Ligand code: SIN
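Before any questions on binding or motion, here is one chain by itself as structure tokens, the form predicted alone.
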């Protein structure tokens, strides 16, 4: 399941990025031939009942029979008894970040290595009975919609959408009007790519499971405020506003042009460097959006014991609660793991790139790198902290 999928017509990843990525939709029939869902509807319902797993239930008609409501959103965790009360159709159950809990789905992400891994957000699974849907809507991020079970009809529209076009009074961004431009019927293994801003509507033709591989697209205002907070904590001086050139004003209640210019200079002359941006951004994009944290090993290994176990043939894997990324700074390399930053000398660059590029590692791949004590110590520490684990560890 981790093999790269095949684009239609012999298209390669480079052509896809040039012609489709963030530009136009693409249907990929039999992207994963003979695909078999690793999750059943019952297992998805069970996950939606668990604390700590983000889940949502969307009903086209609310459950309150006394006050019928068009479209209702409920947040998990849910009581099992709720599922017995649901109507036979016209609802959808969504569970986020399922790749964190299902290794086969984490492996599925290996098929998307043509996109930088820091851009990948999560895999969400949605279950819908026949005619179930979340309504026509749009997202502001790229998504690959992989059909896992049953058939689903997808309809899209590339028309511009304003806030006024949304159904009022609900938390969901559902379109009140939706004019279909194209439509397709997807079967298991088929996949539809949608760029940001393309309105889409998926309706289950059978009991249906869809895996949504979504990509991080933080709002620019959130990036700016996050960076300002970072600078305030790390770099901005604690000096105060001063105006030694103050002159007598005719109106003491007025904020003068000179005062505004002082403030403008304070803002525009913030001491921002490329290194500030690199250190901040790497931490931001490797943070867990749900706040999940790994658990350290209850019995930490020494470096010698760790290397010995690794060289005996056990596969070393990344915990899916931890995101990895790195930045090459020529003389040094920055490693980001789960929102934390460490800086290493350039001699460790090859090891750190391998660590960030792959989810799973073998001693054969690391044979030459394990000669370095620094590389061994880094792997061992990440293992003891819980960011890496051996395939034979108890979970």
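Numbering follows the first chain given and starts at 1. Not measured: the values here are computed from a predicted model.
This protein has a second form, the form predicted together with this ligand, left out of what is shown; the following refers to that one.
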Check residue 166 for me: does it contact this ligand in the model of the complex (non-hydrogen atoms, 4.5 angstroms)? no
My question is simply whether residue 86 lines the interface with this ligand in the model of the complex - judged by any non-hydrogen atom within 4.5 Å. no
Decide whether residue 154 counts as a contact residue for this ligand in the model of the complex under a heavy atom distance cut-off of 4.5 Å. yes
For residue 210, is any heavy atom within 4.5 Å of this ligand in the model of the complex, or not? yes
The stretch from 139-147, 257-265, 220-228, 288-296 that lies within 4.5 Å of this ligand in the model of the complex, judged by heavy atoms, is 139-147
Which one of 134, 123, 316, 191 is close to this ligand in the model of the complex, taking close to mean a heavy atom within 4.5 Å? 134
